[in-house]
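Presented as structure tokens, the chain that follows is alone, the form predicted on its own.
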């Protein structure tokens, strides 16, 4: 006898950090297309307002929180506010990130710490805040919620010649992979958590740095183009909604099969 279908919640709720522009915006829009109301967290208030307007134009609700994702207490405040407003949290995307182009001989302690705080500690901040809510939403496999954190191809390569960032960024993004694997065991079965590892993606931040080298970069990508925020958004939307779900603790490379150049 087939298992009875689980009742679906009246609404689906997502939090996207670094959601103002670039990959975060692309992912937020993709989630809206899948029926999610989306809370955006970023320091870029005007850009968040524009993205929130785009979400509302799709018929979804949007909240915006101007915040530094390195702040532990602020993460708890934001998660509490989203739960109070919408009653649940189904999906968390830890997307906020910071580049660090300096090498080991130039990078200061403060710059290293800040890179780790924004890229890695922020994931801890928001996962720790949402986990109790998701666990309370359901103890059966896949009923509590889902989490995805934005790592990077650099977590595997250590930063290729085309990389915007070097060792500190690569270390933070590699840390996300360990965090994801450990928490998949700790938070399962009710919460599924995965990491996403983009290659070269055309965004507002990276465009100026990659535009001059775009023809050269494309030669090292099997699919013959740079990625877009919408490409990453499709993967995020899949991980947020696929049913039945048997995916957790994984690192998904989305790079058009990019090799080192």
Ligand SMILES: NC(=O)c1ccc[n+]([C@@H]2O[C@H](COP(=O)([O-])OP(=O)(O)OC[C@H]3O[C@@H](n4cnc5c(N)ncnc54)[C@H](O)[C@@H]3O)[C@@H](O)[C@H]2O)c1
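This structure is a prediction, so every number in the text was calculated from the model and none was measured. Residue numbers count along the first chain shown, from 1.
Here the subject shifts to the form predicted in complex with this ligand, a form of this protein not shown in this document.
Contact here is defined as any heavy atom lying within 4.5 Å of this ligand in the predicted bound form, and by that definition not a single one of 15, 125 and 181 is a contact residue. Residues within 4.5 angstroms of this ligand in the predicted bound form, judged by any non-hydrogen atom, belong to 166 to 174 and to none of the other stretches in 184 to 192, 75 to 83, 133 to 141, 166 to 174.
Although the partner is absent here, residue 120 is not a contact residue: none of its heavy atoms lies within 4.5 angstroms of this ligand in the predicted bound form.
Under a 4.5 angstroms non-hydrogen atom cutoff, this ligand in the predicted bound form has residue 68 among its neighbouring residues. Not displayed here, this ligand is approached by residue 97 to within 4.5 Å at the level of heavy atoms in the predicted bound form. Heavy atoms of residue 249 never reach within 4.5 Å of this ligand in the predicted bound form, leaving it off the interface.
Comment: this ligand is not present in this chain, but in the predicted bound form one of 40, 55, 201, 31 has a heavy atom within 4.5 Å of it, namely 201. Of all the residues from 15 to 36, those having a non-hydrogen atom no more than 4.5 Å from this ligand in the predicted bound form are 18, 20, 21, 22, 23, 24.
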